[in-house]
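In the block that follows, a single chain appears as structure tokens, in the form predicted alone.
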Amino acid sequence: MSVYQATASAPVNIACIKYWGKRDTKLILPTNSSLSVTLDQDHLRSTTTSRADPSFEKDRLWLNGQEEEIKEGGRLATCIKEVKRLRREVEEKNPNEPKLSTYAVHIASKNNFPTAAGLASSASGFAALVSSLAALYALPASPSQLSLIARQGSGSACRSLFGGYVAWEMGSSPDGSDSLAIEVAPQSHWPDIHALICVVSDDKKGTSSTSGMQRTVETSTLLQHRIKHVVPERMKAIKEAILVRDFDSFARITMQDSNQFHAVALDTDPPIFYMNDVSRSIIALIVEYNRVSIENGGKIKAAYTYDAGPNAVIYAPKENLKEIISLIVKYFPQAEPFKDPFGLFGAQGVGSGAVVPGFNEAVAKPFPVGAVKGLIHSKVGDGPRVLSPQEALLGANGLPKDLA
């Protein structure tokens, strides 16, 4: 008997122009367009296996080994239903196709990084879910078409349907048909942008993005200014910077937008604090690192950005990463040796870190071990991948292998 199954992985993306605020909470239509960089799946990814079988009694999903309820009308149910609808269209056009849209599905998914730690796990998770179902159903859909479905699971998931540099165009249609992801430039266009993620806390957040966002939309006057006047200009400028590989402009816009997003969170009533003392100290270090470069006739060498959480993501051209990692380690000593996937430090490792000549060490105070729990060094990466049957997460019985 045929086994109908597919496995796909999808990347994390980290926004440079932030998405914050929905104009339609059910369809997840944003109040502004956004833009992100897709990170390398070798370091951060979600992997999902989907199987359709006539013997399955209902749709079921396991995340990191735990079964999750698929609530009627919820985001998971919506994504599964929408992909099944596209499959039904395929079956109606070609009556010889097996009627997979009528079968229940079993789905197993896992992340190789902490869930709900402000590392955009829902983005890669829903992108992997939709990619895996699209492969299972052999859908003739483009990444932009699939992004319309992933968006209804988690807004930023739509941007994880592409590699490289990705815009989520907010669209204007009430049905959401033009609120989708498009590729601004592929990974190959500007491959030497690297990212250092400083995991400040891997605990679940105090204020979830969903509830924080709605409170901001209801109470922040600054958000309205951001939506109307600031983001449209920034989207245009950052796309141009990417197309001409102008890191100085890219970095400036990325930092300004992160700052404004957190200003909007503070302008919410009551205010939302996603950053903490560690987050703010990392900003001070990057600002000083850039000042030294600019005062010596250079350009901006690094850009920080923060999503709805305390973790820092630092974007920089790859030649600057060694200095940046040394700087962070000096102020935030690591309990575990830095995993050095790009071999920057050789056998001797990072050691106790260092600053560049001319750096004012008084801009931040050193923190104790564990203030930054870990460092993840990644780079711009590719979009979703369809994986081999050997990499499937479901066993022969249609249940997750790690539960067997």
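All values reported here derive from a predicted model rather than from experimental measurement. One-based numbering along the sequence shown.
FYI, the form predicted together with another copy of the chain isn't displayed, but the following is about it.
Peer 1: Quick one: is K26 in contact with another copy of the chain in the model of the complex, heavy atoms, 4.5 Å cut-off?
Peer 2: So K26 does not count as contacting another copy of the chain.
Peer 1: Although the partner isn't part of this model, could you tell me whether T210 comes within 4.5 Å of another copy of the chain in the model of the complex, counting any heavy atom of the residue?
Peer 2: Because no heavy atom of T210 falls inside 4.5 Å of another copy of the chain in the model of the complex, the answer is no.
Peer 1: Quick one: is K330 in contact with another copy of the chain in the model of the complex, heavy atoms, 4.5 Å cut-off?
Peer 2: Heavy-atom contact with another copy of the chain at 4.5 Å: absent for K330.
Peer 1: How about N259: is it within 4.5 Å of another copy of the chain in the model of the complex, going by heavy atoms?
Peer 2: Looking in the model of the complex, residue contacts with another copy of the chain include N259, since a heavy atom lies within 4.5 Å.
Peer 1: On the criterion of a non-hydrogen atom at 4.5 angstroms or closer, are V90, F126 and A138 all touching another copy of the chain in the model of the complex?
Peer 2: Judged in the model of the complex, none of V90, F126 and A138 sits within 4.5 Å of another copy of the chain.
Peer 1: Only one of these stretches, 371-379, 58-66, 358-366, 45-53, has heavy atoms within 4.5 Å of another copy of the chain in the model of the complex; which one is it?
Peer 2: Stretch with heavy atoms near the partner: 358-366.
Peer 1: Considering another copy of the chain in the model of the complex, which of R234, H106, K301, H194 comes within 4.5 Å of it through any heavy atom?
Peer 2: It is R234.
Peer 1: Counting any non-hydrogen atom inside 4.5 Å, which residue from N276, Q214, S172, S142 sits next to another copy of the chain in the model of the complex?
Peer 2: In short, N276.
Peer 1: Can you list, in sequence order, the residues from 259-291 that come within 4.5 Å of another copy of the chain in the model of the complex, counting heavy atoms only?
Peer 2: Stretch hits, in order: N259, Q260, H262, A263, V264, L266, D267, T268, D269, P270, P271, F273, Y274, M275, N276, D277, R280, S281, I283, V287.
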